[in-house]
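Just the one chain here, the form predicted on its own, laid out as structure tokens.
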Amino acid sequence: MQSTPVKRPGMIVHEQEPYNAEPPRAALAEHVITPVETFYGRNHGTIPRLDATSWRLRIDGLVEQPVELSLDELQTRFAHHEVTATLQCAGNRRAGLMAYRDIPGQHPWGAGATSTAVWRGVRLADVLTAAGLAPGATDIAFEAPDIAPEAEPTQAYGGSIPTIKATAPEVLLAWEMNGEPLSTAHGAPVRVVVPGFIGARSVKWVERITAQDRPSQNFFQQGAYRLLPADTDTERIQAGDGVALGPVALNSEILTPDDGEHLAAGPVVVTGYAFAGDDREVVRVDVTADGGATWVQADLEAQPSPWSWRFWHTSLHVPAGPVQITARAWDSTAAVQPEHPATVWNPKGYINNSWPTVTVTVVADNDLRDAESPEGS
């Protein structure tokens, strides 16, 4: 059975089944906390519809006492916590890599495969403590019931994170998103939220958590979501090749104006987001409209939490005609985004964190009206 989430009009749908879609970039600019109907959707199989009353979460593996919890037990046995966190798909901005060199078989995600929400639930650390986490547990694995046909062999979705991250206070087992119960599309009744890590590790519809002495052997830990060298022979990839993706790389995007937009002469207001994963902070964003001859330091807006993106804005004076606007972000380790997609291109199209650019055309008011009218199109 197909399961299409309720989303705002104008979503860019890359695939209907399984559902994969992102909002247009201007829609992301409207809210620091992304509304549920605007939040991107990334799925590898049909969205499962679970009965909250019969749902159970099993915690096993390297623990003193395996535990099985109902939703009611999860909500009543442990203290509740709230975290504002950005989730970003590892394929976010893949279209920029594909423009440089084709990546067959992958969705051309734009700038919208990233969104921010307020998540509420219990700390994963508290649940692991209740089960008696063993000292030898190096990794915490998650399993969900959604079947992923692309996996080899076909299997349910899963993955893992290091125990040191799993026991950090920001990692939640969440049942609430933006003050409302999780929707089916976003992982109801309970999902994992791993702030600062790629979205693939925030497993939806979680049903089993296993403490173990190695990373998950699931396809999406050992096969997918791994960074491969640019010269990899994709016909000979084996499980475990490349680097498993975890913390999000420093990234940014221009949200307004949109690429290809015609703008009236005068100051051009440029807005966007920047995001530094794990425990890093965005400290600076620069913007140029003259190919890097000069840079303007953008104003950074208040950050909802240490685990969220940071909006930024600035105003540029640009000449008439086609203009390319480029941004770059810096984080608290003094790292800066790489300049060009060529430096980060890889066969799966992951982690495009090169400088974002949009090309706009600045015209006189009369020319702008002509460009926007049906007769002038």
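Being a predicted model, the structure only gives us computed values, none of them experimental. Numbers follow the displayed sequence, beginning with 1.
The protein also exists as the form predicted together with another copy of the chain; that form is not presented, and the subsequent description refers to it.
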**Message:** Between another copy of the chain and Tyr19, Ile147 and Glu150, in the predicted complex, does every residue show a non-hydrogen atom at 4.5 Å or closer?
**Reply:** no
**Request:** May I ask you to check whether Arg328 falls inside a 4.5 Å heavy atom distance of another copy of the chain in the predicted complex?
**Result:** yes
**Request:** Give a yes or no for Ala249: in the predicted complex, does one of its heavy atoms lie within 4.5 Å of a heavy atom belonging to another copy of the chain?
**Result:** yes
**Prompt:** Do Thr53 and another copy of the chain come within 4.5 Å of each other in the predicted complex, heavy atoms counted?
**Reply:** no
**Prompt:** Does Arg280 reach another copy of the chain in the predicted complex if we count a contact as any heavy atom within 4.5 Å?
**Reply:** yes
**Fill in**
Among 222-230, 255-263, 174-182, 131-139, the stretch whose residues bring a heavy atom within 4.5 Å of another copy of the chain in the predicted complex is 222-230
**Message:** Only one of Ala27, Ile47, Ile351, Leu69 gets a heavy atom within 4.5 Å of another copy of the chain in the predicted complex. Which one?
**Reply:** Ile351
**Residue among Ser315, Gln65, Ser332, Gln324 with a heavy atom within 4.5 Å of another copy of the chain in the predicted complex** = Ser332
